[in-house]
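We begin with a single chain expressed as structure tokens, specifically the form predicted on its own.
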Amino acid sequence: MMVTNELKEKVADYHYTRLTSKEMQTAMKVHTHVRRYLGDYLFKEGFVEIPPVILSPLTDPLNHPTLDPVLTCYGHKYQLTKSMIFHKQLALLSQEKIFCFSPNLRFECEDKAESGCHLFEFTQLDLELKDAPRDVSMDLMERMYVGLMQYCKEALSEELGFFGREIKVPSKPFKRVSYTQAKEEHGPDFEEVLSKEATEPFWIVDIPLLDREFYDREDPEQEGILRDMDLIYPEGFGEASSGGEREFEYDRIVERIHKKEQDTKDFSILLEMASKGLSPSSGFGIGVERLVRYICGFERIEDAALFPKVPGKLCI
């Protein structure tokens, strides 16, 4: 697509209007409070914040198609970070509990532009806990989520009132739903169906091996089922968080890469470090823009981002 002067003017007008609006000013205040609350919460829980990684020869392969630009620097090939899944697992060689506000770049197919919940550049709060089974991460997420919702109701009442938004502080523990059972009962769009029906957040657990990436740990007691969990927002807002336990043993990682019909050469650095010894761990990632969208009750995720990157569109 040729970028004409007319298109540039339209883009400039669109962003100028957004940036000077009361809606965006208010949304960014909510955004700031959310990031600060989450960072402070994890600091009090004993987490160490690590810096984000933007370029690396090693990044998340994902389980769905995206455009994957490769950059050549100093004679080596690098990719833009799609998520810090491998880096946070490796960071546990240094620390027990880590988190990062990680800029992620996922060049989604253009059809995702209409979803209202996809950006090709977004921020993810990524965290990982050493020697922690799935239930420990789930408990952390539930406590942090409940605390954030209570904080927002108290500290951001004026901002929520501006958007005409009322949020509910959920009770713990959150409901757990079997991925396989939900798919059998509601079809391939089960997540959307269940999210629209829900009045409180809930977990989707025990995800089939072929439906996820190779790095998530297979349940030793359920062949073909992963120790994964996705947190789903109520009111039709969809996925909030995705996570699980990790494969950490060299032979298991190689086996899983082969099962996904991927090339071990693409993950040679990870495998070399795994051969020296990695620790069991679990963790999850939370899309910050999706979280702000939910809190504010926005119809589209663009309203929760200062400079939204919408798939297929010219963005600044």
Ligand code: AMP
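All residue numbers refer to positions in the sequence shown, first residue = 1. If you're wondering where the values come from, they're calculated on a predicted model, not measured in any experiment.
One more form of this protein exists, namely the form predicted in complex with the named molecule; it is left out here, but the text below deals with it.
With the named molecule left out of view, the stretch that reaches within 4.5 Å of it through heavy atoms in the predicted complex is, among 233-241, 178-186, 149-157, 196-204, 233-241. Note on contacts: among Tyr145, Phe214, Phe122, Phe86, the single residue with a heavy atom within 4.5 Å of the named molecule in the predicted complex is Phe122. In the predicted complex, at least one heavy atom of Ile286 sits within 4.5 Å of a heavy atom of the named molecule.
When contacts are judged by a 4.5 Å heavy atom cut-off, Met24 does not count as touching the named molecule in the predicted complex. Among heavy atoms of Ile301, some come within 4.5 Å of the named molecule in the predicted complex. Although the partner is absent from this view, Glu108 contacts the named molecule in the predicted complex, with a non-hydrogen atom inside 4.5 angstroms.
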